[in-house]
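Below sits a lone chain in structure tokens, taken as the form predicted on its own.
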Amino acid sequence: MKDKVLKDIQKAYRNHQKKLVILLDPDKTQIADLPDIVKRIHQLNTNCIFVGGSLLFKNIIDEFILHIKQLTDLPVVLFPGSAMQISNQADAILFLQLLSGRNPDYLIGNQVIAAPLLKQTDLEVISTGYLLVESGRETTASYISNTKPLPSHKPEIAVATALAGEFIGNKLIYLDGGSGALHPISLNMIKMVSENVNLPLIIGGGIKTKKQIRAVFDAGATVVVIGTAFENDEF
């Protein structure tokens, strides 16, 4: 089914179910370690695997995903930092619009470059409004995109930005503190966005404990993404 990943998330949203996602960065993950990593992912009852990073030094994304697919039936979704990070080996791709910034390259420029390439693949393309939120220090995502994150103490700005994403036609809203975030996104911000936007929310960045995961779900997230904490074996 072409829209399987999105439909699964939308079904979870309607039924107030929750989904845990592990984010793997090919730069930080050795292919030889993938069997043990995938075993840990299964032990956490993960629903999906995201693959990508803000800046990739290794041109191994096809090989990386193929190895994952040999080890699990979980859907693999591209979380691309640029138009370079496209692989037909994945099941789907988050077609990201960086709505929190004002850099046209990340609002439409990279999307125009990627669109003809995606048209030639079998990937499920999922329109996603992406909001970077200030997390205690500058992250790779904010540096590479040359954009300021949303202020963490201004949830009303996040609400207005997420609403704009919904009205534009995005299917998902992703609030992210960025890789290596010092602090997770505030529960108040998540709650306010959840109450005002009729779309599933993906939340990532700075989440380090199972208690925090539960709190983020309770605040209104449909999907929680764990990256650095999983890399550091904190779960």
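Counting begins at 1, following the sequence as shown. Because the structure is a prediction, the values reported are computed rather than measured.
From this point on, the text means the form predicted in complex with a small molecule, which you will not see here.
Only one segment in the set 172-180, 61-69, 39-47, 186-194 has any non-hydrogen atom within 4.5 angstroms of the small molecule in the predicted bound form, and it is 172-180. Interface membership of Tyr130, defined by any non-hydrogen atom within 4.5 Å of the small molecule in the predicted bound form, is confirmed. Contact annotation: Ile213 falls outside 4.5 Å of the small molecule in the predicted bound form, judged by heavy atom distances. The small molecule in the predicted bound form is not approached by Pro200, whose heavy atoms all lie more than 4.5 angstroms from it. In the predicted bound form, Val223 stays away from the small molecule, with no heavy atom inside 4.5 Å.
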